[in-house]
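Here's a solo chain for you in C-alpha cells, the form predicted alone.
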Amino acid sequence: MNKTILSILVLASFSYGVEPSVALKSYMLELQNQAKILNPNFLNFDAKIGKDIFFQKQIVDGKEISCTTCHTKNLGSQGLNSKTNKIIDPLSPSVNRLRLTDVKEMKKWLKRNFNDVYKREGTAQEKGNVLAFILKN
C-alpha cells in the first residue's frame, strides 16, 4: 500500500471528538507503518480496543493496577501517580490542549506506562489503539 493511501486511511480514522495535532498524526502514521509490517492484515487502530487495554487490570507487585490507577477512568480529570503522588494533567486533548502534541513525550510515556502496567513495551498496534481511545475522549 503506498504512503498516500495509508495517510488517507489514517487521517480518515480520526473521526473522534478532537482534531489530532500534527505531531500525533505523524506519530500515528509511524505506528501504523510499524503495525502493518508486523501484521500485513492490519487496517486501522481501534479506540474500543484501546479502551480495553487502558482499563485492563494486571497484578504488579501484588497490587491490581491498570492505566486508570494513575490516570483515572475519566480522561478529562487530573490523575495522580500512584508511586510518586505527583499530579498528572488530564489525558484528554479536549480538556488539555497540550496533550498529544509532542512525539518525544508520547513515545516516552507510552513506553514507560506499558512497562509499569504490563511489564513490557506495547506493540505499535497497542500504542495506536490506546492513542485512538485517548483522542476519542
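Remember, predicted model here, so these are calculated numbers, not experimental data. One-based numbering along the sequence shown.
In what follows, reference is made to the form predicted in complex with a small molecule, a form of this protein that is not presented.
For the residues Ala35, Leu29, Ala47, Cys70, the 4.5 Å heavy atom test against the small molecule in the predicted complex is passed only by Cys70. Taking the partner from elsewhere, Lys51 is found to have every heavy atom lying beyond 4.5 Å of the small molecule in the predicted complex. Contact annotation for Lys83: at least one heavy atom lies within 4.5 Å of the small molecule in the predicted complex. At a distance threshold of 4.5 angstroms between non-hydrogen atoms, Ile88 is in contact with the small molecule in the predicted complex.
At a distance threshold of 4.5 angstroms between non-hydrogen atoms, Ile134 is in contact with the small molecule in the predicted complex.
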